[in-house]
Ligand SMILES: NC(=O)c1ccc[n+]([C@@H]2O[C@H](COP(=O)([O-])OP(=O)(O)OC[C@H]3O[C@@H](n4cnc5c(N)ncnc54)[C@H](O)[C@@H]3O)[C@@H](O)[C@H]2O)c1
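Just one chain is shown here, as structure tokens, and it is the form predicted alone.
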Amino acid sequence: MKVLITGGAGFIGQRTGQLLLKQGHQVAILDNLSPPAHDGPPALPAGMELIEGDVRRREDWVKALKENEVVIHLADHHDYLPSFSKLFHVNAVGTAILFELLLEKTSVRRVVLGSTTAVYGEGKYRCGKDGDVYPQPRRVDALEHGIWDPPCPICGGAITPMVTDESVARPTSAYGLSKLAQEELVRLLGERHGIECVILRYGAVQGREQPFQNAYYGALRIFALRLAHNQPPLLLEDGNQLRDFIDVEDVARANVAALAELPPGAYNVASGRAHTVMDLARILLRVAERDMTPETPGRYRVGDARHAVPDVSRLKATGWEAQSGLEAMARAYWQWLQAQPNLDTYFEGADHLMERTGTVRVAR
């Protein structure tokens, strides 16, 4: 099968392309090789064709589509900074250009979209009085006072996070909103024009070779880079946020399964095991054999969901299942990071910019 991977030189894209090549597929990638995800031309395996270009440019899509049968669309702008227009230009407009071209005679019969569980926002909770509820985004005035947990949107009481299936999406961030817009484009235009579409909503993807130069998001790489400079993990809020950390290898397996094995629709791609961010920090400290204590100075990021616990039962019913655990993931990343040159303190510049723009703030 001939497969085009947009963003194919990235963290998830390279893993997916390598797995496709092993299975005998022909792989081309479209990538703009922009920093901080890239610091130069990537070392791609033999047989993988690179088309350098941008999904916001129609002419680059034309060069890349050629005679491919499936597009795995991973090209993505992921940012917590106030770059709102870029989020929508890359994620939504770039996808709209793809579908404009697909309506002209192409050989593409299926699109696989790499999306995110950020489309759920706070997701599903349970209230003892009102049952299952979907809270509103957390109020900034509550966060300013260190009130981290959202209240019941009906009675205002305490609520408990639950696993969230694919049925209700209510983003709390501009990034999540841009990805939901991208999803809706894919769903609407795919159904209308007879193009099969699979939407994969990834949990918190981590793992070996995740670029440490990007210190704006990705808890494992940021914590590990701090440890490499003998600084303790610095956690947002109180560190008790629930996340589903999934290894990039498991995500690549889901991407490959989506080529033909998965029926069209949306699927959560996660490990099915929720951990707190504090759990991750402590596991990494143990793996790295560092005697430090994670710090929680009350910093918070505007637009973050408190908890994100995706329900993976729909994808597991197709035969896919995550294989890597959190400790193995942390160990593999730490061992890889230790062997890397030029481990600069990238987190310092990222922290300064996020604080200067008000993306990250400190509770009173």
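As the structure is a computational prediction, the values presented were derived from the model and not from experiment. Just count from 1 along the sequence shown to find any residue number.
Only in words, not in the display: the form predicted in complex with the ligand, which the text now covers.
Interface membership of residue 74, defined by any non-hydrogen atom within 4.5 Å of the ligand in the predicted complex, is confirmed. In the predicted complex, at least one heavy atom of residue 55 sits within 4.5 Å of a heavy atom of the ligand. A residue is said to contact a partner when one of its heavy atoms sits within 4.5 Å of a partner heavy atom; residue 314 fails this definition for the ligand in the predicted complex, lying far away.
Residue contact with the ligand in the predicted complex: residue 34 places a heavy atom within 4.5 Å of it.
Here is the short version: of 120, 212, 223, 175, the single residue with a heavy atom within 4.5 Å of the ligand in the predicted complex is 175. Heavy atoms within 4.5 Å of the ligand in the predicted complex map, among the stretches 321-329, 62-70, 34-42, 297-305, onto 34-42 alone.
Residues from 1-38 that approach the ligand in the predicted complex with a non-hydrogen atom closer than or equal to 4.5 Å are 7, 9, 10, 11, 12, 13, 30, 31, 32, 33, 34, 37, 38, in the order they occur in the chain.
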